[in-house]
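Given as structure tokens, the chain that follows is alone and in the form predicted on its own.
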Amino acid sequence: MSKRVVHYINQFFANIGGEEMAHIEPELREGIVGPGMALNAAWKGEAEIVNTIVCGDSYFAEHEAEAKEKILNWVKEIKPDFFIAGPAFNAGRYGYACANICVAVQELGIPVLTGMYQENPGADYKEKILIVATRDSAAGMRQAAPTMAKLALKIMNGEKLGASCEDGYMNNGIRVNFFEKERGAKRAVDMLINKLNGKPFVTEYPMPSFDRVAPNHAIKDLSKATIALCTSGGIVPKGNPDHIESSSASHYGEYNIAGVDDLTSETFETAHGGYDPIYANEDPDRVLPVDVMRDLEKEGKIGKLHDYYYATVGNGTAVASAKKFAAEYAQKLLAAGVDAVIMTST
């Protein structure tokens, strides 16, 4: 008898829509939807997806308690042998939802598995649940699905897990010994030869990589400089017209402040979900200091405050996403002749 599996996916992989449909509430469907087909095919009848749960990324982020309660009630009724979520790749809110719902289902005594890119905010849960490491986009589905399916079946069959490098899951801090086929000296020489010949090789002891950003030269004359404001503190026009997420932001906003001398509670607010918004909403200048910059402008201490500012939410946002945002609007700032940027956080 094949194992019964419940699969969790978001609105995009359910083919409902993209960001414009991220608000949909959880729904329970019979059988397989979207990426579940690849998982089912890999199991070859030893396991099958009996139900698929679909939930919008924004809905889960903004109504986490309600979403969890509904999903857990369905899982309790179905009583599956296994619960699998994703893969989420580098989609921040999707990864957060996959990881959190897996943690909750695991507490019911049901084994779980999810998959995502290593920089996804959901990957922070790798010490609580098993997470398969995937590429950063859905282009990696062909590699991710078989790896997740194989590991899931191994868990369902009660087999002992191998090391993370063997079974494809993220290093969770638990050491598992295994024997390499070749001794260390030969492996080291093989790596060196590959490196000298420009061929690909994989180190067995990867070193952390840290960004080193060289500072630009100081501005010689601030009184003639155009200064721009940017923020990860989520300050947006009232109503959050671009629907920037409160956590794990997938985009940023560009807003015109030409002629604006003061950010008020009637016109601006914060979309950020990672700090108490009361003081920022009372006076948004506390996070994005437009009022102070206007004073400096009037006093002649700076030449001009740029007409546009760029804002996103840093709460849980993937590093790769943040880099992508900055690289994009930096080109706009350069094209506009901006001399310097003040980046504020919270």
Partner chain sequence: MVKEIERAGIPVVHMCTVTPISMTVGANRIVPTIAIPHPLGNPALSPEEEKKLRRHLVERALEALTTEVEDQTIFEVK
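For clarity, a rigid core is taken as the largest C-alpha set superposing within 1.5 Å between two forms. Residue numbers count along the first chain shown, from 1. Just so you know, these numbers come straight off a predicted model, no measurement behind them.
Form predicted together with its partner chain: not shown, discussed below.
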Seminar exercise, completed: If we test each of 138, 260, 163, 222 for a heavy atom within 4.5 Å of its partner chain in the predicted bound form, the one that passes is 222
Seminar exercise, completed: With the partner omitted here, the residue among 32, 47, 67, 302 that in the predicted bound form has a heavy atom within 4.5 Å of its partner chain is 302
Seminar exercise, completed: Among 271 to 279, 163 to 171, 124 to 132, 193 to 201, the stretch whose residues bring a heavy atom within 4.5 Å of its partner chain in the predicted bound form is 271 to 279
Problem set entry | Partner proximity in the predicted bound form: residue 293 to its partner chain, non-hydrogen atom cutoff 4.5 Å | yes
Problem set entry | Contact label in the predicted bound form: residue 24 to its partner chain, heavy atom within 4.5 Å | no
Exercise. Does its partner chain come within 4.5 Å of any heavy atom of residue 62 in the predicted bound form?
Worked result: no
Exercise. Hey, in the predicted bound form, does residue 107 get a heavy atom within 4.5 angstroms of its partner chain?
Worked result: no
Problem set entry | residue 264 C-alpha shift between this form and the one not shown of 2 Å or more, rigid core reference | yes
Problem set entry | Rigid core fit then residue 278 CA moved by 2 Å or more between this form and the one not shown | yes
For this session: For residue 337, state whether the C-alpha moves by 2 Å or more between this form and the one not shown after rigid core superposition.
Result: yes
Problem set entry | Direction of the Cα shift between residue 324 and residue 124 in the predicted bound form, where the change is 3 Å or more | closer
Seminar exercise, completed: Quick read on residue 324 and residue 126 CA atoms in the predicted bound form, 3 Å or more from the shown distance, and they're closer
